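Only one chain is included here, represented as structure tokens and corresponding to the form predicted alone.
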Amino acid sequence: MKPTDEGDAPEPRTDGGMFAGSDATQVTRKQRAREWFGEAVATPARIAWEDWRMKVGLSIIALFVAVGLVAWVSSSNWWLLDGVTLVEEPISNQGPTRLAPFENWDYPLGTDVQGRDLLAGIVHATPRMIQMIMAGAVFSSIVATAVGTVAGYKGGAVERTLMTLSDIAMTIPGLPLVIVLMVLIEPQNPWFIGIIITINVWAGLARTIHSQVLSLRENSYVEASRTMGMGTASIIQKDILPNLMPYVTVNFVYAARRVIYDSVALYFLGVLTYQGIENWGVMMYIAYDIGGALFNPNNVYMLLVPMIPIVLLSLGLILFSQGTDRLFNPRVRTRQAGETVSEEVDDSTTVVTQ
């Protein structure tokens, strides 16, 4: 290459271009994954954890998950856990009958009229309750989100068909429909029971999401994505679903609470058959029907003890849903991003002044 004057532009190179030997680096997959993790997981988790409601709600939910694991380990037939019993399953004549809480620390929450440990009953009923909650809440949330989003975005005959189905589902009384299905099918699997309980819960959320999508699809960024030739699935995933997450989260918690209350009611009323203490509603039924807890003050504890996990788990779910508002509140996210930028500016200014 011929030498050039100081003010002349460098001649193009034939071995890869002007920047072939530069120190410019390309973004690797590891760096992209780290950036995605920071934006999608780390920052939202940090924002949510600043809210005391999220801390308390997650702590309560984690407590019940831990209790469910204890029960699973104690009753598991897996060969690695064979012989491991952390909490014995509640059986008749397990201990003294009608033992009040804290009278005997071998049975901290007392025993019922048949001598079954109430604490063991709560522990071993927890896994089935968690399974029903997960099945029902996930089922209703996925169906509602899919129906409402597709109907709102596609419009036309698809919208009319899906919204008609939603209207039909909303007009059917929920609990009578569930009772009829339970009597006809007589399910025993907790996952299936959870789905049946929320068989038409999705319709209300689908209507709400549909109305939101009708306004979101007219936004400029959605129009830009459509103009760029992005597919329907990509537009829904990247541009529409993030704006629907507050509604989905609230409905998830609502469906979970619905499963808790309805399953307890169905077991209490005897609609669902049971072999032992499979649900907190069974414990309440035994306290009411056999122990006469409503008429005998000495046996009221048999009714109150299974109410404690019902109220506590519902409270945890409510606090969790309220805490997630910080995740989806744009003002909070903007303020958090602004603080991060200001910290970076301060750091760079400090380096320059030094």
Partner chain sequence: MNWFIRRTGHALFTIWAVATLSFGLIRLMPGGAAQIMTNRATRNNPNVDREVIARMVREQIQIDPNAPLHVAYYQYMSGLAQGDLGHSHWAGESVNSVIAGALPWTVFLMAISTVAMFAIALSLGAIMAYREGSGFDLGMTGIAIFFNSIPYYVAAVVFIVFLGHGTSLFPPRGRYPSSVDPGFTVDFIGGAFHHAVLPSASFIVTGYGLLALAMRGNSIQVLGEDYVRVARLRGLPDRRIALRYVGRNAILPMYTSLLISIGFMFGGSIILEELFAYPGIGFYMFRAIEFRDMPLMMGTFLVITVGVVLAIFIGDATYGKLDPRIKSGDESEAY
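Keep in mind that what you see is a predicted model, and the values were worked out from it rather than measured. Heads up, when I say rigid core I mean the largest set of C-alphas that superpose within 1.5 Å between the two forms. Residue numbers count along the first chain shown, from 1.
Although not depicted, the form predicted in complex with its partner chain is the subject of the following passage.
Exactly one of the stretches 130 to 138, 167 to 175, 86 to 94, 115 to 123 approaches its partner chain in the predicted bound form with heavy atoms within 4.5 Å, and it is 167 to 175. For the three residues R46, I61 and V143, a heavy atom within 4.5 Å of its partner chain turns up in the predicted bound form in no case. Proximity to its partner chain in the predicted bound form, defined as a heavy atom within 4.5 Å, singles out one entry of A42, A33, M307, A66, which is M307.
Contact annotation: Y261 falls within 4.5 Å of its partner chain in the predicted bound form, judged by heavy atom distances.
Contact annotation for M245: none of its heavy atoms lies within 4.5 Å of its partner chain in the predicted bound form. Using a 4.5 angstroms threshold between heavy atoms, L184 counts as touching its partner chain in the predicted bound form. Contact annotation: L294 falls within 4.5 Å of its partner chain in the predicted bound form, judged by heavy atom distances. Contacts between stretch 259 to 279 and its partner chain, counted in the predicted bound form as any heavy atom lying within 4.5 Å, involve I260, Y261, V264, A265, F268, L269, V271, listed in sequence order. Core-aligned CA deviation for I172 between this form and the one not shown: 2 Å or greater.
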